[in-house]
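What follows is one chain in structure tokens, specifically the form predicted on its own.
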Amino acid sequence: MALEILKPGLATTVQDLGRPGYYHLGIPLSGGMDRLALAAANLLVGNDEGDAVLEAVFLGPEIRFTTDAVIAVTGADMPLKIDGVELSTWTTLAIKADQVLSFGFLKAGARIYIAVAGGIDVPVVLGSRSTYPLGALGGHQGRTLKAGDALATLPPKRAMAPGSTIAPERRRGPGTSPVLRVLPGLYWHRITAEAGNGFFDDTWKVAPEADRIGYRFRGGRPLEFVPREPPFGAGSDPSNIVDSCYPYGSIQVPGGTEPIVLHRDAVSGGGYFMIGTVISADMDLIGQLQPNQKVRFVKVTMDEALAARKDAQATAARIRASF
């Protein structure tokens, strides 16, 4: 044993980079909501990028270490403390047996990633240690952590000197008014041209109902749908369709009023139409949004989406090059 959970925070889970390959069976990718921050935390402690870490949202946990360890915390701006002394995030830190890791109040962003040298040792389920709480799958007993839980770690792989850091210009966090780039399509033909323009013109706010399954947004104008004769099985609501697959990042708008961007723990299909898909390069950003934060959706082309993905890969490569 290496970690004892004294206080679990609001919703702390074990996550890695997820379990791809099972979405067609209804088992989502799961994994870190901010994959770049998760990978960066692992690199800082000498782990492989996809090793298991702790993901905490809005409120950090309090953890007593029962053995000496090397740790790093990345992601949201949440002050880190060891035995009450504030230390730097995005930096390799040494912690001694019986010392306690805790956190101050969240300043910006939403999720932090706590990496321990060697990685968190929980059973591998379908190729991943990630927690999927809705399905009680993976992680520590398939759930968020509770006070009294004990977690082991695997042997360290590479020694990292305390004080190693990732330069601020190589980190990435949400702006004051983030922009989410969207590739229209899927069921775009179901809304009028005026409604489509309004969706991109309006400023939206993150709703309190924002979690690992999906982020809901409010404040924009309701969508106007093109009149139709409902197909068999779709129902009378114009936002309903005959059941279809849901891509990650797809934006469904039940009743045409409040867009929901599906995220890492999303269900794989259902009967709501999808106005488009948030591009892969901006999915990490969603995981760092707070309730009531203002957001705009911006229409992009496939070429622009691919260019953004290339830029995101270059950002990850620059962080990797630091080590």
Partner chain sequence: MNEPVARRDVFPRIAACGDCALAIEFAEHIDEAVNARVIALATALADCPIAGIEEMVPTYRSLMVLYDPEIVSGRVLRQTLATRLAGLAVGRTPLRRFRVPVLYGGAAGLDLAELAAMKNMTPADLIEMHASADYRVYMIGFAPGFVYLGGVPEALHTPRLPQPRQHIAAGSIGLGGQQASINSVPGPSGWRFLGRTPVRVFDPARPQPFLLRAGDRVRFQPISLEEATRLDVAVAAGEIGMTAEGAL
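The shown structure was predicted, so the numbers you read here are calculated from the model rather than taken from an experiment. Numbering follows the first chain given and starts at 1.
What comes next is about the form predicted together with its partner chain, which does not appear here.
Here the chain stands alone, but in the predicted complex its contact with its partner chain, taken as any heavy atom within 4.5 Å, falls in 234 to 242 among 202 to 210, 85 to 93, 234 to 242, 147 to 155. Comment: its partner chain is not present in this chain, but in the predicted complex one of P79, P178, G127, P247 has a heavy atom within 4.5 Å of it, namely P247. Among heavy atoms of G214, none comes within 4.5 Å of its partner chain in the predicted complex. Residue contact with its partner chain in the predicted complex: A305 places a heavy atom within 4.5 Å of it.
Its partner chain is not drawn, but in the predicted complex it has no heavy atom within 4.5 Å of G142.
Mapping the unseen interface onto this chain, I279 counts among the residues with a heavy atom inside 4.5 Å of its partner chain in the predicted complex. Heavy atoms closer than or equal to 4.5 Å to its partner chain in the predicted complex belong, across 180 to 207, to the residues L183, P184, G185, L186, Y187, W188, H189, R190, ordered by sequence position.
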